[in-house]
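Just one chain is shown here, as structure tokens, and it is the form predicted alone.
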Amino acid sequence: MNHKTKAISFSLAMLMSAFAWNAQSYADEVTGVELPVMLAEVSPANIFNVNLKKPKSRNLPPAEDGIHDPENEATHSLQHPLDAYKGLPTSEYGNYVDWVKALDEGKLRPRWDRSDPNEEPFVLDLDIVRPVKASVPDVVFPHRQHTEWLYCSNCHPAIFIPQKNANQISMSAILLGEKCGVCHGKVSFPIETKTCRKCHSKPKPADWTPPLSEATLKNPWK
């Protein structure tokens, strides 16, 4: 902001203050009653994002966790998380369990087939790097950690089209429960400030510079 712009902004602020003071003084003289100055109500940011709300308590019984159907009889037969998570490596967020570490240490062995306990999982050890235009680190999506739990059809093609540049992913979509937010924030670690580094894990190169917008590239002299 240059000096001219600052001066104009300051003048406008002074005029608005003077107008408010004069209006208040006039109202006091006419009515004899001092009227309160009305201020505009401002809504807090991210009121739409249920994922960012801090839960009152974690690891509730299945019938009370807001995920399982309490009207389903099978829900009440599920084990309480506080009992099921005993002995597993801990984490500082989500449900306080480091699930990937539990897999790597062999403390969990997800059953791949309901009818055949000897069925081996199809594990894809492939990392997908998604560059981020902002200065934050790029996103690394590890297939191994996901395919040890889930079959490919859980995500492809309904949530993610398995094709390069075919998926538009944004934090807004994730926070609204779309794309990665289908699981993260519900049944996987939540989207919180301290979990950003879990996905944004690849630092920018030393010579990285912010990309120019399409408008700037089309008309750089504007």
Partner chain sequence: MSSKIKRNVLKSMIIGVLAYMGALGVPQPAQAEYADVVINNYADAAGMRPAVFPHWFHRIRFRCKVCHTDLGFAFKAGGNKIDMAKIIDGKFCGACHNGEISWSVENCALCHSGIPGQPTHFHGSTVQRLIAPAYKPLQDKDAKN
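Definition used throughout: the rigid core is the maximal C-alpha set that superposes within 1.5 Å between two forms. This is a predicted model, so every value here is computed, not measured. Residue numbers count along the first chain shown, from 1.
Not pictured, yet referred to below: the form predicted in complex with its partner chain.
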At the 4.5 Å heavy atom threshold, is Lys186 in contact with its partner chain in the predicted bound form? yes
For Arg111, is any heavy atom within 4.5 Å of its partner chain in the predicted bound form, or not? yes
Would Ile161 show up as a contact with its partner chain in the predicted bound form if we use heavy atoms at 4.5 Å? no
Partner contact for Cys180 in the predicted bound form: its partner chain, 4.5 angstroms, heavy atom: no
Work out which of Val132, Val129, Leu124, Leu150 lies within 4.5 Å of its partner chain in the predicted bound form, going by heavy atoms. Leu150
Let me test this: is every residue among Trp99, Ser172 and Pro190 within 4.5 Å of its partner chain in the predicted bound form, going by heavy atom positions? yes
Using a 4.5 Å cut-off on any heavy atom, which residues of 84-103 would contact its partner chain in the predicted bound form? Ala84, Tyr85, Gly94, Asn95, Trp99, Leu103
Please determine whether the C-alpha atom of Pro190 is displaced by 2 Å or more between this form and the one not shown following superposition on the rigid core. no
Checking Glu178 here: with the core superposed, does its CA move 2 Å or more between this form and the one not shown? no
Rigid core superposition, Pro162 Cα moves 2 angstroms or more between this form and the one not shown: no
